[in-house]
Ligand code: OSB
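Single chain ahead, written as structure tokens, the form predicted alone.
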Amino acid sequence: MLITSVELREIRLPLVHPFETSFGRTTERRIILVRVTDKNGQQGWGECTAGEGPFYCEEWTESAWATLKTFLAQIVVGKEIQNAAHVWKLMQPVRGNRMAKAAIETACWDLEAKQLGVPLWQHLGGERREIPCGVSIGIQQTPGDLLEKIERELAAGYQRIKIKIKPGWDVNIVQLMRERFSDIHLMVDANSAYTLADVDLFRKLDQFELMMIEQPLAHNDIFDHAALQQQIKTPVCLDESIRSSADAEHAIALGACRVINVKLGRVGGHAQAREVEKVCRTGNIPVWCGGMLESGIGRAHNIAMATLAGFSLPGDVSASSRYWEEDIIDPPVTVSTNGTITAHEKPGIGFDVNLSRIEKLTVRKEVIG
């Protein structure tokens, strides 16, 4: 494919409800959308999942915009690209910046699937159309608010509940949840809020039969996680620590985790996500799709990725209405009463992009090429 232009847009999309983690509280998403166009005028869409500040990782909205505009878009515009999987290699001279790279790379996958006339999930090698879904629930104002929120999500059919924890909002909260919901699939996400000195706290969590504890220790660590996993029964799930298939191989070899969360932005796009999934499947480590408060475009890419064989656990790919009054795709993402999402058969990401909605939300725009 020959990419003739890369369009960048920043949109501001207010959340239906604030979302709080150990990093902080988010009420509105600043999202960078990428649209790539080929020589025939066909288009593909991607989304940069970087946050509003450099808290989840070092990338954030402003750094991603500058990197996309100044370097990454310049690399792909005017190039005859062998295929979408090759885009990652083209961008390798730029170190890091995986979320910015993923925005362009995933857009090229959408474009290529449209060129071939096939749904993206099939083009990626997905093995099932229906994927199991869970929800991620942020830290609430009160335990009662959390209980009510879990009740609503279970009534909506979601198969797994994930709650955020932080020091002071952990063991007692999990105990309360377990007393109220004794048999649900429950996991906790610490977002790197603890250290190995907190091992006694994690031993206390063992009694609650959690599916996993996600990224309890430092964001760039696998060694302390290996030491922690040896001392507790609950599976450790790595998120921020896994940025590549090599990271996954090292973590598995060290025994640092028993589960891995895959996020498209964190690993750099679909080609890299497939490599991580392959490593985990070979090592008998289950994976699941993590979420970054994506708009419908990023959500559609997550759905496609989650159809790969290794994604055996319910992911954080939930309905559009949990986050947005109105999404930027048609139709919005919906979840069945059984807690599943069915990937669409339409070529590409499977959804129409609502351009008029995007225009209203756009606060800046740049076209390269």
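A residue's number is simply how far along the shown sequence it sits, counting from 1. Every value quoted in this text rests on a predicted model; they were computed, and no experiment measured them.
One more form of this protein exists, namely the form predicted in complex with the ligand; it is left out here, but the text below deals with it.
Put simply, of N97, N191, Q122, Q140 only one has a heavy atom within 4.5 Å of the ligand in the predicted bound form, and it is N191.
For the residues Q159, S245, Q115, S136, the 4.5 Å heavy atom test against the ligand in the predicted bound form is passed only by S136. Proximity of Y323 to the ligand in the predicted bound form falls within the 4.5 Å heavy atom cutoff. Remark: E277 does not count among the residues lining the ligand in the predicted bound form, judged by a heavy atom distance of 4.5 Å or less. Although the partner is absent here, E47 sits far enough away that none of its heavy atoms falls within 4.5 Å of the ligand in the predicted bound form. In the predicted bound form, G291 approaches the ligand with a heavy atom inside 4.5 Å.
Partner contacts here mean any heavy atom within 4.5 Å of the ligand in the predicted bound form, and among 103-111, 229-237, 183-191, 277-285 they occur only in 183-191.
Taking the ligand as positioned in the predicted bound form, the only residue of 43-74 that brings a heavy atom within 4.5 Å of it is Y56.
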